[in-house]
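Heads up, the chain below is alone and in the form predicted alone; it's given as structure tokens.
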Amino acid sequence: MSGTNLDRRGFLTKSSVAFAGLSIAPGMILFDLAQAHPLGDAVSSKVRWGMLIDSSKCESGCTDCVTACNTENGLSGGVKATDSQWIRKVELKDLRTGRTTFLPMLCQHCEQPPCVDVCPTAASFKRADGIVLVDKHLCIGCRYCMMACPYKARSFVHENLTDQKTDVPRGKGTVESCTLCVHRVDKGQNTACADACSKAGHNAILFGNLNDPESEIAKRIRAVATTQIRADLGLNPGIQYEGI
């Protein structure tokens, strides 16, 4: 869709919590993702979506996951402070051994998300299946959630937006972050970053249902030592790492 220019006021004036699907721009619909599944099934707490990222397979110069995320969600891919970044590569260095590790950092989709706790309008919310999202109709751009996030995983949209993706509505003056490709997940598909990593032959990102003991991700987590970033905060992130 070309020429779409959404701002915060446009979102707010068109919002109505009485409907499951809300029109926010010509040809673009924002569904009530907290309650309704686009295919008709209710979102259930029987599922908790998450990722296991193997840092030993994540190469320093590879940005396939970042590029895939930008392409899938219509992000510019810029690296200025005002550019949205839903996933970024970070470098960890052990000062004792000198060992350097590279890993993707994104919204951790916490079980106890601090961004949800501090949001004054309930724009930040967590679905029953563990995916943390931002309702652009309710977001007033206060950025409290950005300050509360210990992972620096959220971005503020500073510029007018054009040529947006129909499945990924965004808006100037609102906060956004990784959605775990909810529009793909609700269609039974993999996330864009995991797909790209697999296609490149790295297989560093494993996405799946953490609550299903028979899922590939659950079996892997039982078999290897995994780490949650800032586990001391007790947030129980849905993103776990292997090899750090």
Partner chain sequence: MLAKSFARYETRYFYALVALGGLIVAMGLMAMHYMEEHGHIVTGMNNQIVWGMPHVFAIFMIVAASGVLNVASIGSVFSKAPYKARAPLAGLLAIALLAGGLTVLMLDLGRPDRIIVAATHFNPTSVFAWNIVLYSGMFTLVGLYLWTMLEKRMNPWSAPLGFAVFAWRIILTSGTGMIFAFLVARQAYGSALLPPLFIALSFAWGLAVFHVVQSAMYAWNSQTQDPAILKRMKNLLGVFVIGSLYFVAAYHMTNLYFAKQTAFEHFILSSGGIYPVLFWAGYVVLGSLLPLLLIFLPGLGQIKCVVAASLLVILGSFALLYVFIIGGQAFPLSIFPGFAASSSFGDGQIGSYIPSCPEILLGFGGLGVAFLITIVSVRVLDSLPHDLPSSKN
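Positions refer to the first chain, counted from 1. Everything quoted here is computed from the prediction, not taken from an experiment.
As for the form predicted together with its partner chain, it is not shown, yet the points below apply to it.
Contact annotation: residue 76 falls outside 4.5 Å of its partner chain in the model of the complex, judged by heavy atom distances.
Residue 224 falls outside the set of residues with a heavy atom inside 4.5 Å of its partner chain in the model of the complex. With a 4.5 Å cutoff on heavy atoms, residue 109 does not count as touching its partner chain in the model of the complex; it lies far away. Residue 132 falls outside the set of residues with a heavy atom inside 4.5 Å of its partner chain in the model of the complex. Heavy atoms of no residue among 180, 215 and 220 are located within 4.5 Å of its partner chain in the model of the complex. Along 133 to 158, residues 136, 137, 138, 139, 140, 141, 142, 143, 144, 146, 147, 148, 149, 150, 151, 152, 154, 155, 156, 158 each place a heavy atom within 4.5 Å of its partner chain in the model of the complex.
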